[in-house]
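Quick setup: one chain, the form predicted on its own, written in structure tokens, and binding and motion questions come after.
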């Protein structure tokens, strides 16, 4: 039974989620491409956002880049980890980035719960994405704490499974014996990919890349248009 569940969740579901994400992205771009935005609420409240944005983006982007690097160069990761000191440095760095991203996420949640204006513009999709991100960060940190040398078994177990899915020959035996926390972390990542086209995170797919958050975004030009209800008197009338 466990083998069947692994085959279903990690052998069939990934393709369903990916297809929905691709079709959803195309549909959203074709139907309303101007919604490809982060829908920033910075003009509503900026102080708490400032303390959350940098740790979140810095931590999560570096973690994401580390995962991508390990997917394409697993041999390099394993060679690096062959030295215990280098392995410890990598593990501690990953855990620290996880805590950093978690702190930023908590600041975002605090901001949405305590500021009525920000809460008013929070959609159900935002709430769902926040829940998914909480699960992802918590399971990632727990995996790093409870199961040592995660970077090595990620390169040796999870990466072969990812490539088996990519080449359309899913082999769930690579991750069948992983702990339930790690499986939740992997499956939740697929759920996040599924939700991208339907949330504000779709802006990551736009021409501006997520790395722009590290170096600072350009200012957003906002023009306010309102119907003129009365004629503005000429100043010369008062002279």
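Positions refer to the first chain, counted from 1. Every value quoted in this text rests on a predicted model; they were computed, and no experiment measured them.
One more form of this protein, predicted in complex with protoporphyrin IX containing FE, exists but is not displayed; see below.
**Student:** Protoporphyrin IX containing FE isn't shown here, but in the predicted complex, which of 149-157, 165-173, 108-116, 122-130 has heavy atoms within 4.5 Å of it?
**Tutor:** It is the stretch 149-157.
**Student:** Residue-level question: is residue 67 within 4.5 Å of protoporphyrin IX containing FE in the predicted complex, judged on heavy atoms?
**Tutor:** Residue-level check for residue 67: yes, a contact with protoporphyrin IX containing FE.
**Student:** Considering only heavy atoms, tell me if residue 29 and protoporphyrin IX containing FE come within 4.5 Å of each other in the predicted complex.
**Tutor:** It does not: once protoporphyrin IX containing FE is placed as it appears in the predicted complex, residue 29 has no heavy atom within 4.5 Å of it.
**Student:** Find out whether any non-hydrogen atom of residue 189 is located within 4.5 angstroms of protoporphyrin IX containing FE in the predicted complex, and reply yes or no.
**Tutor:** Yes - in the predicted complex, heavy atoms of residue 189 and protoporphyrin IX containing FE come within 4.5 Å of each other.
**Student:** In the predicted complex, is there a heavy atom of protoporphyrin IX containing FE that lies within 4.5 Å of any heavy atom of residue 78, even though the partner is absent here?
**Tutor:** Residue-level check for residue 78: no, no contact with protoporphyrin IX containing FE.
**Student:** Counting only non-hydrogen atoms and a 4.5 Å threshold, tell me whether 63, 94 and 185 all contact protoporphyrin IX containing FE in the predicted complex.
**Tutor:** Yes, each of 63, 94 and 185 comes within 4.5 Å of protoporphyrin IX containing FE in the predicted complex.
**Student:** Hey, which residues along 106-120 are within 4.5 angstroms of protoporphyrin IX containing FE in the predicted complex, non-hydrogen atoms only?
**Tutor:** Read in sequence order, no residue approaches protoporphyrin IX containing FE (within 4.5 Å, in the predicted complex).
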